[in-house]
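Form predicted on its own, single chain, as structure tokens, below.
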Amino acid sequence: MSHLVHLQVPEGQSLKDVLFERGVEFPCGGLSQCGHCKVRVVEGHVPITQEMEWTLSPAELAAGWRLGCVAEAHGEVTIEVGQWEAAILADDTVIGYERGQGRGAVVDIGTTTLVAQLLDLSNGEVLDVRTSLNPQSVHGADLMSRIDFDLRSPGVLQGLIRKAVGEMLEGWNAAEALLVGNTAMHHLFCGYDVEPLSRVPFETAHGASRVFTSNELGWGGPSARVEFLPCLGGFVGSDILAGLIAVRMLESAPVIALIDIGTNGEIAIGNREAIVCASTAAGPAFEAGRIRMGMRAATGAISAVEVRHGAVRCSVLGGGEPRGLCGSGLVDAVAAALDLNRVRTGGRFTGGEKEFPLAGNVTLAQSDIRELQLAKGAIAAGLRLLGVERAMELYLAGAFGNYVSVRSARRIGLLPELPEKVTPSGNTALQGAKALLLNPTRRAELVEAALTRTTHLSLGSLPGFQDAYVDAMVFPDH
């Protein structure tokens, strides 16, 4: 049974943004190289591009298949998602796949967004996808703001997130739901005291998994088992635990690394022998928070900036008039300003300028550069202290990791020059949760392996962290 998705997309807008929000992965980072983001046009018009002709066969194109990463819809379209035709896990994966019965769901409770997928447990097929903004955001864009709010108004954020997740699962009749998220999301959903997360060393005694019934949570419909998977330590939650499983770090002989860059940067480095993890408070800059003309990756956002023949060229989501700057565009814009010698390595504009024009009325302000320096310094310092250069491959998880230019990220010093191989890997939290849902007899074993092999480090308490942080705020001189 194929899953059809009906989309209303503005004229000329790329399908990539809409499809990513619905759980479609782009393994090659949207470079039109792998062909794994195939969609088949059932109704509507999606033109064939040169990239599609390079990657797809004439027969596939004739049958209506297109590459989601470079496809543009001309009007309303109904598409079949090729990625959802088969089981989530291929036969050659280490984890394997168990045939079950009924339906199950997975939910990624992110600081900013929520994503839920419904799966057929008999074949692993994705039956439905729902996305939503996290309603807690109204009480703070970053984790510390929400923790502070919860300490002043206990229970409000718990009520918001439980209600939102319940509404996302409504009508699905899933027998079981697995939830993943960072430690703050875990505590706020489960009702644990967040006070230990408000102060050094940011450790908690309540990071274990928590099982509910849907009736306990006040959700309607048939009773279902609901489990919020355990945290790894500090602010490193079950989203990274699931990510370890998704990138197969638990089975890897070479050392590999996984990083989820958001308001809370979470890092894990290791292999099947041992893993270390840590988190660092990057703030909301990578999601365009506290940026003067910042906005979410939506229509009108400048998502990419490059220098051509000494001039700045911007890509705008939806192709219309630019309204603001999203996270990936912010990184590109600063990289471009550095390339044009409009910004010094210390972050100040050259020539006494106060802003850097991008497109239309959108400009990059001095305060924006400072916010990016604070955010990227925290991430870069964490990567350096955890020894990311030892890794053979670095996986970038999450929406920001899927869209950010690796070249620009290295130009501003967010990512190091080593390892050379950097792989945008989509929503690894959701991928790992699906692997656990579809392998119930191995679930406990896999979770226990992740917990016992992983050591959490508190970056702030490591000797040299403050010096590394200050050093990492400076932009590379090249």
Partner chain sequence: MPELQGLYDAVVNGDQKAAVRLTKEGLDAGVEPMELLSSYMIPAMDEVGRRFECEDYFVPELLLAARAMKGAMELIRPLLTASGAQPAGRVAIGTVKGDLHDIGKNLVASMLEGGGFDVLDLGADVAPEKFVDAVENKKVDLICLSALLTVTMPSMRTTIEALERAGVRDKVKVIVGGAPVTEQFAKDIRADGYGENANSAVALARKLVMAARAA
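These numbers were taken from a predicted model, which means no experiment stands behind them. Residue numbers count along the first chain shown, from 1.
What follows is about the form predicted together with the partner chain, which we do not show.
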Q) Taking 4.5 angstroms as the cut-off for heavy atoms, does Asp148 touch the partner chain in the predicted bound form? A) yes
Q) For Arg308, is any heavy atom within 4.5 Å of the partner chain in the predicted bound form, or not? A) no
Q: Answer for Gly171 alone: is it within 4.5 Å of the partner chain in the predicted bound form, judged on heavy atom distances?
A: no
Q. Is the gap between Arg99 and the partner chain in the predicted bound form 4.5 Å or less for some heavy atom pair?
A. no
(Q) To verify the annotation, which of these, Thr299, Asn215, Ser137, Gln366, has a non-hydrogen atom within 4.5 Å of the partner chain in the predicted bound form? (A) Gln366
Q: Find the only residue in Tyr395, Phe202, Trp219, Tyr192 having a heavy atom within 4.5 Å of the partner chain in the predicted bound form.
A: Phe202
Q: Select, from the options 331 to 339, 239 to 247, 140 to 148, 263 to 271, the stretch whose residues sit within 4.5 angstroms of the partner chain in the predicted bound form by heavy atom distance.
A: 140 to 148
(Q) With the partner left out here, which residues of 448 to 469 have a non-hydrogen atom within 4.5 Å of the partner chain in the predicted bound form? (A) Gly460, Ser461, Gln466, Asp467, Tyr469
